[in-house]
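Here's a solo chain for you in C-alpha cells, the form predicted alone.
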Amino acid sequence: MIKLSNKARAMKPSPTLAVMSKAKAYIAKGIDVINFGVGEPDFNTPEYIKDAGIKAIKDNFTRYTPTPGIVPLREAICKKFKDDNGLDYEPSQILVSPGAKASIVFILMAICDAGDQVIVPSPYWVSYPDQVDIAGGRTLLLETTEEDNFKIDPNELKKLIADNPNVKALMLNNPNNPTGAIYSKDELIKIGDICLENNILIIADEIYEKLVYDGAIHYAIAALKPEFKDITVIINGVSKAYAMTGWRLGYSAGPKYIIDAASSLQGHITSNTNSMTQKATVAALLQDDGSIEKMRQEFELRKDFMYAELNKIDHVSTTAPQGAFYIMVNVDYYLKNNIKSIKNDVELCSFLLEEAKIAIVPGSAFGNDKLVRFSYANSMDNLREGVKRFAQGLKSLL
C-alpha cells in the first residue's frame, strides 16, 4: 500500500456535507428528516440564466476558453463591481474559476509559502483552515464572541498580528457564513487600516453579498479607501445569489500581479471554468427578471421567522443574522445539563438527527463547539415543523 501524503491524511470531510449525506440517506429510506444542514438555495436557477446555458450548448460553445475566463464575462464582472460596489477593475484583474472554493485556493497558493500565517476569524466557514493548509500556509484563529455579534475586535486583531510576525493574509467573510454577521463601514475601515499598516492581504469573501436583510448595507472593503484596493482580493460568484450552486463558477478580483499568479496556477490545475457556465453567468450578471430579489425577500421572511421562534426556546440564545441564510444557536446549556450523557455538539446533533429527525450542523465544524448552525434555505412548512422538533428534542434532554 502506498502511503498517503501528510496533507491528504490531515484533511477531514466537510461536516456540512457529512450531515447532508446522512440526512439524504434517511430520506431515501422514506424517513421523514428535515434538513437544516444544506448550504445552497432551495430555489431553481432563474429561467433566463438556464436559457443562456442551453443556448451556449446549442451554439456549440463547448470548447476550451482562456484560463482566466472569456472576455465578455470578465467585462460583465467589471461592470458588476462598478455598478454594485463603486470599484473600477480591468478584465486583466479578474480570474474566473470553477467555484469560489477554487478562487480562494488559487489566491492562497499564489501568496503563501511554508510558514506564512493566514488569520481566520472564528466561527469560520468550514473549508477555510483546510484551504490554507492545502496552499502551504498555517491557519491562525482569531476568536470572536457572541457579545460582539461574532465580528472581529480590532484590538484583538492587533494583538494577534503583534504576536505573530509571519501573518500574510486575513480571511474576511462578509456577509458571514455561518453567523450571518455584516460589518459596518466604520468596522471595515478599522480592519482595513490595521491590515494596511501591517502589509497584510485581505481576502474578502463576499459570496453572500446580495443576500442581506433588515435594510443592512453590504460594503466592499476594497471600495472604502483607495489604499485598501491595493491590499484586497475580492472573492465572489454566482452560487448563492443566483441559485447556481451546481454550475460551479466563482471569481476573484484584485491586484493584477496576484491575479496573474493565481491564473498561472489555475492553468496547470483546472484550466478554464466550463464554457457553458461562463455564458450563463454573463446573462446572470447583465440581465434581471426580478427573481433574485424575490428570493432575497423570501429568505428575509424565513430569517425573521427562525429568529423569533428559536428565541422562544428555553436556555438557548441566538444572534440576529443580517445576511446569508444561516442562523447560529447557542446550545451550551444543554451540553452541560442533559440526562443522555451528551458531552459535545457532535453528539447533540447526532441525537437530534436520530430522535427528532432534524439535521443541523455542529458548531465545532465552524470552530465553536457551543453552537449549532441552522440553514433556513428550506420551505416555511419545514422551518415551522423543524423548529418544533428542535424544541421538543432539547426538552427531552432535561
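When you see a residue number, it is the position in the sequence shown, counting from 1. Note that this is a predicted model, so its numbers are computed, not measured.
The following text describes the form predicted in complex with a small molecule, which does not appear among the structures shown.
Novice: Just checking whether Ala100 would be counted as a contact of the small molecule in the model of the complex - the rule being heavy atoms within 4.5 angstroms.
Specialist: Yes.
Novice: Counting only non-hydrogen atoms and a 4.5 angstroms cut-off, does Asp205 reach the small molecule in the model of the complex?
Specialist: Asp205 belongs to the contact set for the small molecule.
Novice: Decide whether Leu170 counts as a contact residue for the small molecule in the model of the complex under a heavy atom distance cut-off of 4.5 Å.
Specialist: No, no contact at 4.5 Å.
Novice: Would you classify Lys240 as touching the small molecule in the model of the complex, given a 4.5 Å non-hydrogen atom cut-off?
Specialist: Because a heavy atom of Lys240 falls inside 4.5 Å of the small molecule in the model of the complex, the answer is yes.
Novice: Decide yes or no: are Phe81, Ile189 and Ala222 jointly within 4.5 Å of the small molecule in the model of the complex, with each residue judged by its heavy atoms?
Specialist: No, the candidate spot makes no contact with the small molecule.
Novice: Using a 4.5 Å cut on heavy atoms, which of Phe150, Phe106, Tyr183, Trp125 is close to the small molecule in the model of the complex?
Specialist: Checked against the cut-off, the match is Trp125.
Novice: By the heavy atom within 4.5 Å rule, which residue out of Arg248, Lys210, Arg302, Arg138 makes contact with the small molecule in the model of the complex?
Specialist: None of the other options qualify; the answer is Arg248.
Novice: Report the stretch among 82-90, 67-75, 288-296, 240-248 that approaches the small molecule in the model of the complex to within 4.5 Å, counting heavy atoms only.
Specialist: Careful reading of the contacts points to 240-248.
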